[in-house]
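As a starting point, one isolated chain is supplied in structure tokens, in the form predicted alone.
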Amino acid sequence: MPVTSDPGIALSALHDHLGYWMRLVSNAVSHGFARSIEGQGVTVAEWVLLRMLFDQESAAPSHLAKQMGMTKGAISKLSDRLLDKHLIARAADTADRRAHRLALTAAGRALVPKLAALADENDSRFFKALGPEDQVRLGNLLRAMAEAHGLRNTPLS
């Protein structure tokens, strides 16, 4: 419904925008998760990289950059932080001696399930306001919107 103090201008109210509500909920979900994993010594972006590496033996930084929608430089900085934390290791690529691959260390492999449990708890906490059917419906709607708009980059914040 258009609302304004100027009778010559019809503006929709801020709260009339679906984007407003999506951002409000998204921020709360994202910030809640960031706070929960902060105690484990990692950021959301680090969690995403660790989780991606969990499903594979190793990966080239360029492959991770593409998957995450980041530049190679950003992946390099991110991987350097995880190397410093001894959560990943870097090794020469056996197929291309000029390249290298990243893999989880034992500590990194042990940490990922703990972080995944925190992600699950965060989702449960925020989305329990919806019944199971509504949660499935919301997930389907969000995936359909992402597909319709070609959104493929991994959200990192």
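Everything numeric here is computed off the predicted structure, so don't read it as measured data. Residues carry their position along the shown sequence, with the first being 1.
What comes next is about the form predicted together with the DNA, which does not appear here.
Although the partner is absent here, Asp120 lies well away from the DNA in the predicted bound form, with no heavy atom inside 4.5 Å. Looking at Lys128, you'd find every heavy atom of it more than 4.5 angstroms from the DNA in the predicted bound form. At a distance threshold of 4.5 angstroms between non-hydrogen atoms, Ala89 is out of contact with the DNA in the predicted bound form.
The shortest heavy atom separation between Ala99 and the DNA in the predicted bound form is within 4.5 Å. Just one listed stretch, out of 47-55, 110-118, 128-136, 62-70, contacts the DNA in the predicted bound form at the 4.5 Å heavy atom level, and that stretch is 62-70.
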